[in-house]
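One chain comes next, on its own, written as structure tokens: the form predicted on its own.
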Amino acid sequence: MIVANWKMHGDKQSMAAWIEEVSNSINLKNINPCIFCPPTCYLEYAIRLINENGYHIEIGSQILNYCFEGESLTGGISSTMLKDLSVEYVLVGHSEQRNFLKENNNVISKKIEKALNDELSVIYCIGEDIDTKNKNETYLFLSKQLDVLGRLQSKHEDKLRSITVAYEPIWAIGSGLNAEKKYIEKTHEFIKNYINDDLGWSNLDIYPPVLYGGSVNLTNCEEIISSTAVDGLLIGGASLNSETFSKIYNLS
């Protein structure tokens, strides 16, 4: 799975050009899904372009909102709305939303639950900040974020296969700093072991893929994806350039 996360960038013209150029450049024999997450206001436009031209790109939403019973949210986007647009994937738990929108594990758990109920595939983002890394508390920090998935087992065992985990160390997102391959491998192995053993998903024969994100670019992507512990990439800034993204996808 190779994901392009455009965040708050782009317009209709640049998006149309990107979709066409990527669709004509990626290797269609590559079994990895090619997923495009445009700004929310362009979701319907992107889906229409892809469907009209038969392009081999799948669409994900950068955002999903959840309101507790009896509450409402002006400007919110629900899982039902995303499903109605034929969106297939949704990012949940991205560090920027945890930070700026103050989303806690309780809200994130509810968002994942709603997405699964509406048959959306979830890309669940986790990652530590630089202080946590420097204190050698990364695994403790990640385990608390992964415990969100443990809350879903009793109600949604049949839908857990629709969850992908994306490890994005906060200190590497958009910073140009690169996590070393050994660090990435060890962290991905911890994540998989925690889900399999501590959360007990191996007993269900469910082994979610784990993607890596955080200043992924054309220079480092091949080394990162060569690791057997890395199942795909979540790409931010480098995905804005169609040629760069296509090359990364084709190398995966």
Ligand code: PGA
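So that there is no doubt, residue numbering starts at 1 and follows the sequence shown. Remember, it's a predicted structure, so these values are computed and weren't measured experimentally.
This protein has a second form, the form predicted in complex with this ligand, left out of what is shown; the following refers to that one.
Novice: Please name which of the stretches 108-116, 141-149, 93-101, 78-86 has residues with heavy atoms lying within 4.5 Å of this ligand in the model of the complex.
Specialist: So the stretch in question is 93-101.
Novice: Though only this chain appears here, would Ile173 touch this ligand in the model of the complex if you measure heavy atom gaps against 4.5 Å?
Specialist: Because a heavy atom of Ile173 falls inside 4.5 Å of this ligand in the model of the complex, the answer is yes.
Novice: In the model of the complex, does Ser215 have a heavy atom within 4.5 Å of this ligand?
Specialist: Result yes; Ser215 sits at the interface with this ligand in the model of the complex.
Novice: Even though this ligand is not shown here, does Gly237 get within 4.5 Å of it in the model of the complex, heavy atoms only?
Specialist: Within the cut-off, so yes.
Novice: Looking in the model of the complex, any heavy atom of Ser246 within 4.5 Å of this ligand?
Specialist: No - in the model of the complex, heavy atoms of Ser246 and this ligand never come within 4.5 Å of each other.
Novice: What residues, if any, in 1-19 have a non-hydrogen atom within 4.5 angstroms of this ligand in the model of the complex?
Specialist: Going through 1-19 in order - heavy atoms within 4.5 Å of this ligand in the model of the complex - the hits are Asn5, Lys7.
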